[in-house]
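In structure tokens, one chain follows: the form predicted alone.
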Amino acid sequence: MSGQDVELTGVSMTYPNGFTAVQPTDLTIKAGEFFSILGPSGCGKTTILRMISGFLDPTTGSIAIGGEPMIGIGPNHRPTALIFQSLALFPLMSVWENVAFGLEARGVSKTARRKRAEELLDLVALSDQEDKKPGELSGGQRQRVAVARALAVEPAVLLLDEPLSALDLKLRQHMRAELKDIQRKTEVTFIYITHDQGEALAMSDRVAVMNEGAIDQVASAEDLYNHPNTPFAATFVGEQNVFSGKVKTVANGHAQVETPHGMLLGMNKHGLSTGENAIVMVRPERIYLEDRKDRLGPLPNELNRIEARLQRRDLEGALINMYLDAAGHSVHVNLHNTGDATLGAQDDHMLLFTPDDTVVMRPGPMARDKA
């Protein structure tokens, strides 16, 4: 098996009622890539998947897989396979019969079907489960059967529509690693739809963030988290503390922003000019407590500083989540749990964060606005 690239050019989808689910979109997914489309419910990500699979025809634009135009070609004749959220396994068939179902429809002999099913069940570590019924398997095992069944028809592109959403947290985390391992072994192009940022960041070579039918940003997982391009991407992928203000000065790729909490200096992501309205963002794990400076190591001379009072302190195993009030503005801080029961427990704190950990952007839609 091997993957093929997928290219969308000017693709859009408007339904007969006038609702535009996907705005004109250009997107190239590389052969053999694990590519995720991430976004909130209703943003258009599943519609893109259905257009690639052939279950929907785009209103405008073209789709090519491996350089071959796909418009007008039905789902059964495209080099794709689709795994639904429900998995849709046949309960009265054995596991190997489920895996081989697509081959039977293509006229492959029973002996050859069983041999191929056994190969794929070995690939997904289910070689000892072939004669069981799906109802006798765990949720994670059924998920792997669905993957094996999709791979049986040797697709160049495997489309996965939120396949892990029904699993519990521990099993989802395990299946992330399983899916990524299968993708690497087969080199099939995976296009994965999810609203779970953790899934997208953990598994993907690249991620597209969608919002209201448009792609906001496409980047590697690391770049997306560390260098978001828009307020929406910055606030949908991970958490952000957001402060509003007006640009006071700009220099050396940074902008100084006057806020109700004082001057804050950050990376001038959008090239803002003096006098423009701005938002300043910093992630909870990039904020330090001044009373713990002895544990931080060297910090730059120029630091952002905000006074805040502790409102709530929650322990989440490896992390301590602090929620503080800074002159009526809520601030979230993540601390690594060092086993010190007094960590962050005092009432008043000076919060420190570096300019290079701080991003200045032009105001725009944010994920929190969707709540």
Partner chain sequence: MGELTKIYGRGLTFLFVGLVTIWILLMIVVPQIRMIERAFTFEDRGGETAMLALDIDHAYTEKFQIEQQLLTLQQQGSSGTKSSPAAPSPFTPSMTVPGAAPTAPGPGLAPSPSASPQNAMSAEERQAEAADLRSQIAALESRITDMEAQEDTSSGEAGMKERLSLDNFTTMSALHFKIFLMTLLYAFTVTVFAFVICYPVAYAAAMAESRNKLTLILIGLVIPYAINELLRIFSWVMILEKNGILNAFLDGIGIIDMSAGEGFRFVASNGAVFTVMVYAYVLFMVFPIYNTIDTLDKSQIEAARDLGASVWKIHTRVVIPHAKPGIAVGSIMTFMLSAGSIAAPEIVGRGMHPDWFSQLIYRRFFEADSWNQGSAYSLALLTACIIFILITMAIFKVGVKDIAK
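Positions refer to the first chain, counted from 1. Since the model is a prediction, treat every value here as computed from it, not as a measurement.
In what follows, reference is made to the form predicted together with its partner chain, a form of this protein that is not presented.
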Of A202, L89, A166, V250, the only residue with a heavy atom within 4.5 Å of its partner chain in the model of the complex is L89
Of V188, I191, I287, A81, the one that lies within 4.5 Å of its partner chain in the model of the complex (heavy atoms): A81
Hey, in the model of the complex, is G102 touching its partner chain, heavy atoms inside 4.5 Å? yes
Check K246 for me: does it contact its partner chain in the model of the complex (non-hydrogen atoms, 4.5 angstroms)? no
For K170, is any heavy atom within 4.5 Å of its partner chain in the model of the complex, or not? no
So in the model of the complex, does E276 come within 4.5 Å of its partner chain, heavy atom to heavy atom? no
At 4.5 Å between heavy atoms, only one of the stretches 230-238, 81-89, 253-261, 278-286 reaches its partner chain in the model of the complex; which one is it? 81-89
In the model of the complex: members of 28-60 within 4.5 Å of its partner chain, any heavy atom: R50, S53, F55
